[in-house]
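In the form predicted on its own, a lone chain appears below as structure tokens.
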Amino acid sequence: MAMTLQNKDADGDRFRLPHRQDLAPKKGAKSLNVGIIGAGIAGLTAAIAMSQSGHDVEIFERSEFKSEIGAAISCPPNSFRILQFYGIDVASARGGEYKSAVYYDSKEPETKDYLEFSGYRSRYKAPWAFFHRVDLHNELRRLAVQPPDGDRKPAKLRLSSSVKDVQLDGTIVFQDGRTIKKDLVIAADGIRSAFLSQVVGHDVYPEHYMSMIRFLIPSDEFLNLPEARCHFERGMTSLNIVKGGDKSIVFYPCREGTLLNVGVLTPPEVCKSADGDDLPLTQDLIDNATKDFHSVYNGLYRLKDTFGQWKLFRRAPLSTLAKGKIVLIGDAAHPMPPLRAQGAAAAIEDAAALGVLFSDLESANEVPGRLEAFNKLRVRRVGGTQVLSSLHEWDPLKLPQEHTKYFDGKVPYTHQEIDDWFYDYNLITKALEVLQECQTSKEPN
């Protein structure tokens, strides 16, 4: 079912968005030469947003995009609004909509509790959507390099372009020795970003917080299992969580409900030997990770013969996301576990923030001021997102005092307050407010 964005709020204007063309460059505006390192969700969304604001964008991706990789991805209301603002075609991306989260007993699947999402459309004027990561990636790539006629400049995508170094003056150094200089470099190269230390001035190491075994299975094969009949009774529109001690299994549909994304989340030590070495992904390892769950869950992997194993990291929030002409976005800036489904959402917010803040430029000399505005807008927001996403059980009373700054003194206590903190946030409106402050501050008195 096609989803539409409602941008007029009867109770106020907090979800009202400008027209996309309002961000198009005005006559005489400066067009920057922008280099983006990494063509994942963050990099491609940044390419769309920056080209919408009139800039010449070149994306450098080390891979060749030859094989389909990745599993499913959640898109909560705060990021869904942004994707539709920039023209994502949900039908082309084969997206769906969550109506509820269902929590199952790990031993008795018939015992379950529902958390309804059906009110999100009315409360946040956007749904919680889900996609196969590859489908969303393909749609973002299409919009970046083949925008609708006259909508924006197409970005240039350079595959098999491995970047060795980025200098603070915007010089990009490739592995083959070539160099190119940009007015702005957006580092969207993931958790192992090679350019993090350039921005923060020292090495920063993430903590291996969780491990995940992930695979995709055909939905109909699961539903044909006699013991699976108590699942998806309301249709293929639910996020399903099974908790078993310090492990959990999460599964939800993607690709118009034809596939189930399955993730088995475990403590890091489950996937390590007694000596601390990483264990190879075998059926024995999966059996050990799921042995305490009902047979309908620990037998899921038998419906699939290809698996992936991921380390999930967390890292202390950074105090700055930009330096010189380099800005970090996505996992390069703020890795986090998937406990709040905000990893990709935060990356999409980053990208849109850059697009708005770098609209209506008069000169390349404004880049430092706009990056300062990006820090003002994003540092506390992503810090709070990382903090909330890094704890299995949220206890605000145990929140370190130094982390309260990320919430502007209004630390969320209840589940509803947490939802509101994430989903009520209108990034594009907030970015426009910061942009106006930035432009006002440079006007002569």
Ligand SMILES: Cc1cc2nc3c(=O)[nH]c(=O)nc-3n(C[C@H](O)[C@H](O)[C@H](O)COP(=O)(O)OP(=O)(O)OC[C@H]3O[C@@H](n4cnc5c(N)ncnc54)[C@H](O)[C@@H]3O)c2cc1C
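These numbers were taken from a predicted model, which means no experiment stands behind them. Note that residue numbering begins at 1 and tracks the sequence as displayed.
A second form of this protein, the form predicted together with this ligand, is not displayed here; the remarks below concern that form.
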Within 4.5 Å of this ligand in the predicted complex, heavy atom basis, the matching stretch of 316-324, 367-375, 275-283, 212-220 is 212-220
If we define contact as a non-hydrogen atom of the residue within 4.5 angstroms of the partner, is residue 349 a contact of this ligand in the predicted complex?
no
Can residue 162 be called a contact residue for this ligand in the predicted complex at 4.5 Å between heavy atoms?
yes
Counting only non-hydrogen atoms and a 4.5 angstroms cut-off, does residue 310 reach this ligand in the predicted complex?
yes
Is there a heavy atom of residue 252 no more than 4.5 Å from a heavy atom of this ligand in the predicted complex?
yes
Contact with this ligand in the predicted complex, heavy atom within 4.5 Å, among 289, 260, 344, 196 goes to 344
Contact residue in the predicted complex, chosen from 54, 412, 40, 383 - any heavy atom within 4.5 Å of this ligand:
40
Look at the candidate spot formed by 35, 50 and 135 and say whether this ligand comes within 4.5 Å of a heavy atom in all three of them in the predicted complex.
no
